[in-house]
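Just the one chain here, the form predicted alone, laid out as structure tokens.
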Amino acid sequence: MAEDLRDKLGAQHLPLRDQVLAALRTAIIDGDYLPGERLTEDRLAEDFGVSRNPVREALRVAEAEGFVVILPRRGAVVASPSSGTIADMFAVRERLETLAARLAAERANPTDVAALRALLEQGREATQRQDLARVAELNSMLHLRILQISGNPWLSSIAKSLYLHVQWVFRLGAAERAPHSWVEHIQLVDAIESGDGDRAERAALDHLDAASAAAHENAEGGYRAR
């Protein structure tokens, strides 16, 4: 991972702090750095091939975003999404995604449905390979595409920062959750394709209920390496 990060950072035309922040977020979301894991400035500087200053600045932003906790006498550690955090996230998702599903059912054209089907197939393949980081990424891509198909730009705008955390929480439980999630995704896309807004809204709500229960169980059981 460290060599890949160093190569990528050197090639980007962004302030170094922003490059480090993006790489740090990705490493946490993908499960390279697990909840509770200590992140020293020296270690991150080595991983990313940079000095400690941009690392320090990136850690402050990551803390404000909820990915990192900076503790007295211990320094930075990867945050552990709590049951309260998960409840707040799903409260927002329930409002956003049920509306998006209803609107998508009313507005989706055959090209939109084909794009969703392609994501479903990629998700199935990634699940079979046990490529859990890719599964989590595709999960977010599917939901964001539905938000886009809804035709309401406010929904997509609100969801941008939320879905970094959605992807993270999903990745932490993906080993157990992924096979069930993609079955629910198929039902959701079937409902959208049917053009029945009520059916699509119910499918979205059923999916969110199952995802919320799994995320709470994972949080309460403690996060383990996968």
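Residue numbers run from 1 along the displayed sequence. Remember, it's a predicted structure, so these values are computed and weren't measured experimentally. Here the rigid core means the biggest group of C-alpha atoms that line up within 1.5 Å when the two forms are laid on top of each other.
In what follows, reference is made to the form predicted in complex with the DNA, a form of this protein that is not presented.
Peer 1: Given the stretches 179 to 187, 161 to 169, 54 to 62, 193 to 201, which is the single one in contact with the DNA in the predicted bound form, using a heavy atom cutoff of 4.5 Å?
Peer 2: Heavy atoms within 4.5 Å of the DNA in the predicted bound form occur in 54 to 62.
Peer 1: Answer yes or no: in the predicted bound form, does the DNA come within 4.5 Å of a heavy atom in every one of R17, R38 and V50?
Peer 2: Judged in the predicted bound form, R17, R38 and V50 all sit within 4.5 Å of the DNA.
Peer 1: Applying a 4.5 Å heavy atom distance criterion, does P153 contact the DNA in the predicted bound form?
Peer 2: It does not: once the DNA is placed as it appears in the predicted bound form, P153 has no heavy atom within 4.5 Å of it.
Peer 1: Going by a heavy atom distance of 4.5 Å, is R74 a contact of the DNA in the predicted bound form?
Peer 2: Yes, contact at 4.5 Å.
Peer 1: After the core is matched up, is the C-alpha of Q19 off by 2 Å or more between this form and the one not shown?
Peer 2: After core superposition, the displacement of the Q19 C-alpha between this form and the one not shown reaches the 2 Å mark, so yes.
Peer 1: D190: with the rigid core matched between this form and the one not shown, does its Cα shift 2 Å or more?
Peer 2: No.
Peer 1: Once the core is superposed between this form and the one not shown, does A58 show a C-alpha displacement of at least 2 Å?
Peer 2: It does, since the A58 C-alpha is displaced 2 Å or more between this form and the one not shown after the core fit.
Peer 1: Shorter or longer C-alpha distance for T40 and A136 in the predicted bound form, given it differs from this form by 3 Å or more?
Peer 2: It is farther: in the predicted bound form, the C-alpha atoms of T40 and A136 lie at least 3 Å more apart than they do here.
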